[in-house]
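Here we start with a single chain on its own, the form predicted on its own, put down as structure tokens.
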């Protein structure tokens, strides 16, 4: 390991999607920080921890970074500040530190908040690329997200589902993360629009659910770990070249 701090991508949930390079870093790290949430009942939820456990990473290496699952998250900045300070103390003690995150470390990632708090000029950093959830969703559904000159946009959240109309006018493919923000409007919007879509939740876990059928979403609860990929065009096979 040549860097002092690593941002390690774990992918969307399937331990088999963790890269060989990420596994090497986790094996050589002295300390591994992982993110999680604390429910109103005081329970700890962490898909990142579940992945680390599936990879047989020793518990003795692990340190948690936990935030309360509530809105607004006024105390989140304090948690990031404290974690960044802890990471830097470990580095100064000569420890090799890894911070793991779901998906890719540079894409809507918790690690990005730590980067804002760590002076890159004072420590050496390396980010290990991973598989974002929407890429895994397209693969599981067996569809190509873009072809030729198609344009795609990824949205972190929406105020309301009707905002999608404007995006679908400008882009061939629209991905919405944090889909639970519009859970109450989603089915009605998709039905009204007649949209072509791929819906996915809990990718790579035992709770995984992927569908392109609107009927499957009629009474779906739409959890936090869910996303949708909307297509402006039909996904049915196109006409092929005809011999003359």
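Residue numbers count along the first chain shown, from 1. These numbers were taken from a predicted model, which means no experiment stands behind them.
Although not depicted, the form predicted together with a small molecule is the subject of the following passage.
Within 4.5 Å of the small molecule in the predicted bound form, a heavy atom is found for none of 24, 97 and 128. Proximity of residue 109 to the small molecule in the predicted bound form falls within the 4.5 Å heavy atom cutoff.
Although the partner is absent here, residue 177 sits close enough that one of its heavy atoms falls within 4.5 Å of the small molecule in the predicted bound form. Contact check for residue 48: no non-hydrogen atom falls within 4.5 Å of the small molecule in the predicted bound form. Heavy atoms of residue 104 reach within 4.5 Å of the small molecule in the predicted bound form, making it an interface residue. The stretch in contact with the small molecule in the predicted bound form, judged by heavy atoms within 4.5 Å, is 198 to 206, chosen from 198 to 206, 211 to 219, 59 to 67, 184 to 192.
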